Every structure is written in C-alpha cells, then in structure tokens.
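There is one chain below, alone, in structure tokens, taken in the form predicted alone.
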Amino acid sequence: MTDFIVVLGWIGLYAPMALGAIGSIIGCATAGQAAIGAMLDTDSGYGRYVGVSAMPSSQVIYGIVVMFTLNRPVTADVSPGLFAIGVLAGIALMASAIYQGQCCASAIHATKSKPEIFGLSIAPAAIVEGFAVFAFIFALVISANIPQAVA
C-alpha cells in the first residue's frame, strides 16, 4: 500500500506540468486553426492572429513552476499532499488553457470581420487566464505547507 501512495505522490509531482502542457497543446491548436482560417480570409493582421493563438501556452509555464515548487523527496507522508495539489492544479491549468484557446479562436473570428474590436475581443481570453493565475498562486501557497522532508 505504501508503494501505491508513493506512486500517487510522483503523479502529483509531474501532473501540473503534464496537464498544463496537454491543455496548452489543445488551446493553441484550436486558436491556431482559427488563425490560419482568418489568414485565408483577410489580407492583413497575420501577426496578431498568430500572437493571440499562442496565448494558451502560458499554462504550461505555470505548470512547470508548480512542479518545481512541489519538488521534494517523495515519501508516503508527503505523497497525499503532492497528489492533491499537483493533480488539482494540473486539471485547473488544463481546463483554463483549453477554454482560453476557444476564446482566442472566437476573438480571431470576430477580428477578421471587424478589426477595430481586436483589443476588446481578447478580453474574455484574459479573464480565463486570470483563473489559471488563481490556480497557480493557490498551488504555490498551499504547497508551502507540505514538509520538505519528514524525519
């Protein structure tokens, strides 16, 4: 049973980075497909389409930082905390990246028809990013309560 608990701790250690990366891949792909479609329909604004489509990539960076923050010797005593914080933060980062990609795709679609609303159209994607930041900060604060090494 102890080995199983330790395995859960290792899963929790790497989950923020892995789940954040999965979400960023899906989000960037969704927004990138919209950007490519918009490029076919317009004669300008290509740079901002590509820039907006990269917005969901920030969640993998947050996941990497959380992973390094959780990094400590994995024992049966600290594994439940590592698992809970890592997996829940990872799920939040993954969902945030996926939905941010959808917001970015919608912003790209709206901007290609009405370029003057570009700034306003990316506001929903920025709001979704805010929730990723909340999960990121929460994981960092809570992880400070997990002991580095149990004697």
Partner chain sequence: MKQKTAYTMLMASLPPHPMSLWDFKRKPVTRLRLERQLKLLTEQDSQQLAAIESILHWAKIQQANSDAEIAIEADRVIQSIHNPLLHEAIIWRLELRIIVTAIRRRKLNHPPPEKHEPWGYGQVLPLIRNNWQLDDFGLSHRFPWVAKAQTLFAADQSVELEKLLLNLSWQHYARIGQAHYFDFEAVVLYVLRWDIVNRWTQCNEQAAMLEFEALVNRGLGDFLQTA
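Residue numbers count along the first chain shown, from 1. This structure is a prediction, so every number in the text was calculated from the model and none was measured.
Below, we refer to the form predicted in complex with its partner chain, which is not included among the displayed structures.
Not one of 48, 116 and 121 comes within 4.5 Å of its partner chain in the model of the complex, counting any heavy atom. Only one segment in the set 106-114, 81-89, 57-65, 121-129 has any non-hydrogen atom within 4.5 angstroms of its partner chain in the model of the complex, and it is 106-114.
Within this chain, residue 69 is remote from the site of its partner chain in the model of the complex, having no heavy atom within 4.5 Å. Shown alone here, residue 52 lies farther than 4.5 Å from its partner chain in the model of the complex, counting heavy atoms only. Residue contact check for residue 43: none of its heavy atoms lie within 4.5 Å of its partner chain in the model of the complex. Contact between residue 34 and its partner chain in the model of the complex is found at the 4.5 Å heavy atom cutoff. Of the residues in 16-31, those that come within 4.5 Å of its partner chain in the model of the complex through at least one heavy atom are, in sequence order, 26, 29, 30.
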